[in-house]
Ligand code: F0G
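Given next, in structure tokens, is a single chain: the form predicted on its own.
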């Protein structure tokens, strides 16, 4: 892969996350792990070279510069907080135009006080999920180093985002790996429609991730999965926009679904940096919510006691668990396909984030996810199943007394309702066979908050009677 000098080597560099290594590399190098020890890498910044504002309110002036594509972007208007790419190489497709919505109806469902529960709706991104935040950053780095092809493994949202960036800009060709039969049609349709080369392999996300790393290395293709440290730089801007919406007041809790653990990792990094730079006075707590059918983090963190431990986690705990997964042929299985992952590539960074944010991890059954999803939808913000894990997690944490009802809580809704309409229609529909096929196989017993269509003959009097009866 050819490289250029369009990165910000004066201020940014890559650093191994292990405090026992801390090897550093240039920002113009394309790496997904530390060559010295194999650990993950951070994008780090020289504090003496950073042009930091005196307060976060500085970014409010960007709203008067909306004709500037960088100021319009919900990622790049915070360029001063992730200045690894030079301005002329930054790529944007209008990502980050998202909303933080106070959701009192959902607060009631979770037993929170009115005015205390917020939904950060990342489904408003151009490709319909939070992935566009990270893709804006990774794609800009790829453009900076002269990449012509970019690849990813995906449960659907990453592939849609990469395909969108490639098709809109024309700068690169997209190659995506998916597990055959392991991707919702709403997401697969995006990758196909946007023109990406789609490789469906026999296996699941973990298999696809293994192969795309091998192929990218052999063919010199730029890898945009969240093992890429620049991806997480873009994802941390979700936290900046939440703070912006709250008038720079730090909430008490951030609650996020846990799949590959890129979001939780990036959120921890965002708050650690803002605190270190003196731009916030406290760090919120973090709750990461697994689906029961893909609960690696919960199993390791809550049941087996795995901790970051200041950068010295017990690797044997991880190795033993992964050996058990292989021995028992256990595959991830959940209706929340976006988090259907057994081997999260950002596990170590997430452990660090949990330590930084005094975090907790919980697991939620698919039934609870779908019931929470229906409540989110009834409040006017439809989301895909994985997103609703955050709301179901708040409900559980309230029941356990971990979250107090008067605390300020933000749930991350990671993807749009139309990412997986099949699950929604099965939940609300009257077709029992479809329910059993789509949801019953996942252990879902009932549609507790179903909004079923009213079946009526094509007769005016009967239609009027039905409307009067049900409205």
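Nothing here was measured: the structure is a model prediction, and the numbers come from that model. Positions refer to the first chain, counted from 1.
One more form of this protein exists, namely the form predicted together with the ligand; it is left out here, but the text below deals with it.
Just one of 138, 162, 372, 338 comes within 4.5 Å of the ligand in the predicted bound form, counting any heavy atom, and that one is 338. Exactly one listed residue, out of 176, 386, 391, 117, brings a non-hydrogen atom to within 4.5 Å of the ligand in the predicted bound form: 386. With the partner omitted here, the stretch from 53-61, 407-415, 431-439, 32-40 that lies within 4.5 Å of the ligand by heavy atoms in the predicted bound form is 407-415.
The closest non-hydrogen atom of residue 260 lies within 4.5 Å of the ligand in the predicted bound form. Looking at residue 155, you'd find a heavy atom of it within 4.5 angstroms of the ligand in the predicted bound form. Taking a 4.5 Å heavy atom cutoff to the ligand in the predicted bound form, the one contacting residue in 196-220 is 205.
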